[in-house]
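Presented below, as structure tokens, is a lone chain in the form predicted alone.
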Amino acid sequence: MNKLNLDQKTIESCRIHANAIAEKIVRFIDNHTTVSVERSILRLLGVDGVDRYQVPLVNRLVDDCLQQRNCGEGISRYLAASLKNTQRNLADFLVAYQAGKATLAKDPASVEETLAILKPWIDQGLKKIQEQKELRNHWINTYGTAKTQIYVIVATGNIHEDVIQAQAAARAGADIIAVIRSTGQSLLDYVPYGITTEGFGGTYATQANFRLMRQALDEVSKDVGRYIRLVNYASGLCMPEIAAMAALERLDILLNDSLYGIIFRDINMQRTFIDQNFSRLINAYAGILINTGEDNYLTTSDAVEEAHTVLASQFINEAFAKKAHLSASLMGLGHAFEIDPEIENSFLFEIAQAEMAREIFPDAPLKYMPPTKHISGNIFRATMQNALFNLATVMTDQSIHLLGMMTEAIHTPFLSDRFLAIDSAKTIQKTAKSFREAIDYREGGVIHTRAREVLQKAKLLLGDVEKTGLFNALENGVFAGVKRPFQGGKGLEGVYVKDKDYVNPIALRMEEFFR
């Protein structure tokens, strides 16, 4: 449905610029690995658990590799050599390694030996992911998918309490449950282990917590006759590890943006791009939908003046996603309803932005974020702003509808707040169901004019970024007005140049799947 009559040549130019921008970064990615990529490989091979000091075994093994070996050859080659030298299977080697009765081999196996020795565990890990993917598809085929899915957050810090709140939200009408991570977890260069009951502003993302919440949502899915999707965050210093755990435990959606960690968490840009590439390959293989974080730009920048940076980032995220084999149906590109309501015609500007995203990315399950920046603590005003946001969602056919809460800017929402938010969204979905089909926008009017202005500015910005390079653009603060140095930020010490005989056996097999 084309209501804006956007210039298709301009859209195509944006995609050409974005592809060229991503291509330069991918060439850099192809020559590098990171400690988190290597730990992800181990996790997908079945390495799990912690030592007596609660250090994850994947960290122990990769740290051992770093100390006296060449990490650029890949942890897989050293692990394969260890199994060959000790004549143990993987489980037995890990038991001996934990007990100090076996060490990581000093010299790596050849690439050919590595692929042959590790094949049983590669097969086992990939089979489990495919089984989870098939189970998800079975659930979806059984219950179907709502045109616009209602997305609700839980964030208690205690996974058991999260389960109670998640099930209550699902029974009230939520289709998607996002478990917010504990504050600061994105800056940890390891993944906490086991079920956790203490977190600040959210709950730790662990494989055990993923498993527990997945089981709980499967139970409530049967009760309500809808497949309830589970969301977590594949961002930060353990981005690909979170993706690996999510694939094994059947999460459905991951927050997985190319630029968010760089801009808003000061994670080194080299580390972030390498990690996001492998994390997205895992997501593509597992059928996990990604959500990008363009909405965050508008928390630090003006939503009227900088709207084109949101669109430009959507094009860039799309380009990176394609290079990692993500189909359009898995690209939950993000945007937000964040224009100051005091601005005249702000609602029309919001409609222009949302409709433009819908028309430019017609097959993407767009994620639309609620007003937060201009919520004041006045719950009645917040209710009004959220109602306008809910109406914009219906008018522009958004796919993933993250609900606004009347108590935004006051406290973590109560169950009653979520119930009221769900009720408002469902009421507006019902009362305005066919609104989009019933309206057109006047040629030359505010909505048409605004959309075309934003698209043209996005094209110019993408052209400039292509000329300077994305690394330089990030150093210059092009997105969200935040400048980040190429050699700065957290995690740079975990980036390594690949040896000529480097191998990532998991990536090789996943790439084969898409050929």
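Quick note: we count residues from 1 along the sequence shown, nothing fancier. A quick note: this is a predicted structure, and the numbers were derived from the prediction, not measured.
Separately, the form predicted in complex with a small molecule exists; it is not shown, and the next lines address it.
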The small molecule contact in the predicted complex: F278, any heavy atom under 4.5 Å: no
R265, heavy atom within 4.5 angstroms of the small molecule in the predicted complex: yes
Non-hydrogen atom contact G74 with the small molecule in the predicted complex at 4.5 angstroms: no
D257: touches the small molecule in the predicted complex, heavy atom cutoff 4.5 angstroms: yes
Candidate stretches 321-329, 74-82, 227-235, 388-396, one within 4.5 Å of the small molecule in the predicted complex by heavy atom: 227-235
Contact assignment for the small molecule in the predicted complex, among R358, R181, R250, R418, heavy atom within 4.5 Å: R181
One residue of N296, T114, Q270, Q314 in contact with the small molecule, assessed in the predicted complex (non-hydrogen atom, 4.5 angstroms): N296
